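Quick setup: one chain, the form predicted on its own, written in structure tokens, and binding and motion questions come after.
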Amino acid sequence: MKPSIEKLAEKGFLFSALFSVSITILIFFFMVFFSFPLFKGGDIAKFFTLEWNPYESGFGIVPMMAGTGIIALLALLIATPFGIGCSALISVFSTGYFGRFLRKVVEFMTGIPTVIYGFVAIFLLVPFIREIFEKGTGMCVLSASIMLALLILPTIILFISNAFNAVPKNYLDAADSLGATPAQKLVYIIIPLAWKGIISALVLAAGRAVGDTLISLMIAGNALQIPKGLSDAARTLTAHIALIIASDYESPEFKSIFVCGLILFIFTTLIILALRLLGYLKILRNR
């Protein structure tokens, strides 16, 4: 009886994996199918320009591509050290009541709607950033990146803390017997053994950072320009899609959202592949 249940579970997991992969591939081909007429007609080049002005046949999405990359990358750079630090506090330094309480708070943060983060940023973060730079509205790259980092932080913390907890106990016991401090165990044992979980956390966080709409839509400023500094406003691809989705279905303005979606899909894939490549290089280095 037990082997048959295990086989059934194995087939169920295999079906789930194949189904997920199939949905991802179908979404990609869906975007390609609706973008193909633009490629075929030779109109695709006009989308890779700097100017977005539909009234004068300007449909350049390069500023949105730059805004997406800058805001997502900055958010990931901000969130990663805090994520590793909080995970270490939960799983290494405060394993008692306070650690469990902190983990519950992080789990609670994952259920907060994104729009709440946006409202908090408008009334608290944006005025603060405006006072620091003493120019602009405060709705800029830095505001969006900070709030986006806060949004992806729970994902990073939960996955990394789980990876820390999965480190074999005999390694930690051996370190204790040698008189290692918690900080030494973290740096020399836990992080090197938990790097796969860290990479997975960063992959998921990067995907969410690139794909988030409301944060960038509400507090990035939605300026059609390539940001030259942290105080400059910007627009991301997801915010751009949300803003033009109600336009005429036959217009180039509407058709551009499929190009945006395809680029967003490829952009996310490249980030994931880059993070996976880091993990692969680490494997080769360990050998």
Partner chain sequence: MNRFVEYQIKLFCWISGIILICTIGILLAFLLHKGFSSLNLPLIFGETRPLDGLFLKTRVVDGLFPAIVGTLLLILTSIIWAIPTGVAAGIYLAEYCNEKWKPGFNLLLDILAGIPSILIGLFGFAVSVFLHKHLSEHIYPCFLISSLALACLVLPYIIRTTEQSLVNLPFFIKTTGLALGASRLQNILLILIPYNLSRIISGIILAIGRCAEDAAVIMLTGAVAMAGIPDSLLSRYEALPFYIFYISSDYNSQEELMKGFGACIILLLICVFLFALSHILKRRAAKRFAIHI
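Only a predicted model underlies this, so the values are computations on that prediction, with no experimental measurement involved. Residue numbers count along the first chain shown, from 1. Note that the rigid core is defined as the largest set of C-alphas that superpose within 1.5 Å between two forms.
Not on display, but discussed next: the form predicted in complex with its partner chain.
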> Heavy atom to heavy atom, is V32 within 4.5 Å of its partner chain in the model of the complex?
Replying inline: no
> Would F82 show up as a contact with its partner chain in the model of the complex if we use heavy atoms at 4.5 Å?
Replying inline: yes
> Taking heavy atoms only, is G197 within 4.5 angstroms of its partner chain in the model of the complex?
Replying inline: no
> Can you check whether I157 is within 4.5 Å of its partner chain in the model of the complex, heavy atom basis?
Replying inline: yes
> Which one of V167, L217, L74, A175 is close to its partner chain in the model of the complex, taking close to mean a heavy atom within 4.5 Å?
Replying inline: L217
>> Only counting heavy atoms and a 4.5 Å limit, does any residue of 157-183 reach its partner chain in the model of the complex, and if so which ones?
In response: I157, T181, A183
> Does the distance between the two CA positions of I226 reach 2 Å or more between this form and the one not shown, the core being superposed?
Replying inline: no
> Aligning on the rigid core, do we see the C-alpha of M31 shift 2 angstroms or more between this form and the one not shown?
Replying inline: yes
